[in-house]
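This document opens with one chain alone, in structure tokens, the form predicted alone.
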């Protein structure tokens, strides 16, 4: 058994980590931390009452190093890097779910804040297994991708070498309101969200440079990426629609199937994807349609799972030498 800790357990991604790891055959939760500590887990998450009986501690990196072999950081950006830096010095494996180690320093500081751990930034591997599986297996430090970049990049990957860079890529993305976090506010206020839909930060969202940077690293091409996210009146789930031009007319459906033929948790669909079929799972469903060189890609994931917690567990499995998809959820919340 590998001992694991969760720092930042009060939010939705922390809850999803607890749910997955509690019944994982190879991981044992030995430490749960929050900024306050000193409360029962059922007070943070009433749904866990009489199921997971663990104490919640005030987050302390030195204590984590004594009690765990690997730690999941489910913390906001900037806060995460403070813990990561100390945990790395204590030789603890880290899966960071924040944005702090996903980007190159120039991109990060432009869209987030000054970085306090430049020394370790380049040591992190971007945790998208379909691209960096071998590197993840051989690292102690993983930067878990964001939800929008996960769904977008998985849709784009089969075609990256055939995209006509003379034309912009347009990404229209829709997410359930759990992506706004647990803290009450306008972003998840029921009166404003129910029976409503709106875009936010169009063309300026922080996940846009993450998508663009990863495409540049894969292709050495500087694509124009126009990304527009939307809030929809759903609790969880994500549907991404991508529009682009290919360099020539080719069989995109066959390319998609061939690219993902060995991936257990990427499903190629014959019809446009929907949110419900991936909600509650680590699957990514992808559909493609074309009109000559014009391409439409539809990608669906659970924003809290494939876009955060279950993908983090997949990365931890790889880091620890376990079967890649061990313990991750595969049954959708249907009906």
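Worth saying up front: this structure is predicted, and the values here are computed from it rather than measured. Residue numbers count along the first chain shown, from 1.
FYI, the form predicted in complex with another copy of the chain isn't displayed, but the following is about it.
In the predicted bound form, no heavy atom of residue 27 sits within 4.5 Å of another copy of the chain. Put simply, residue 82 is far from another copy of the chain in the predicted bound form: not one heavy atom of it is within 4.5 Å. With a 4.5 Å cutoff on heavy atoms, residue 111 does not count as touching another copy of the chain in the predicted bound form; it lies far away. The closest heavy atom approach of residue 172 to another copy of the chain in the predicted bound form falls within 4.5 Å.
Scanning 134, 116, 106, 189 against another copy of the chain in the predicted bound form with a 4.5 Å heavy atom cut-off leaves one residue, 189. Checking 306-314, 54-62, 31-39, 268-276 against another copy of the chain in the predicted bound form, the stretch whose residues place heavy atoms within 4.5 Å of it is 268-276. Contacts with another copy of the chain in the predicted bound form, taken as any heavy atom within 4.5 Å, map within 233-253 to 233, 234, 235, 236, 239, 241, 243, 244, 245.
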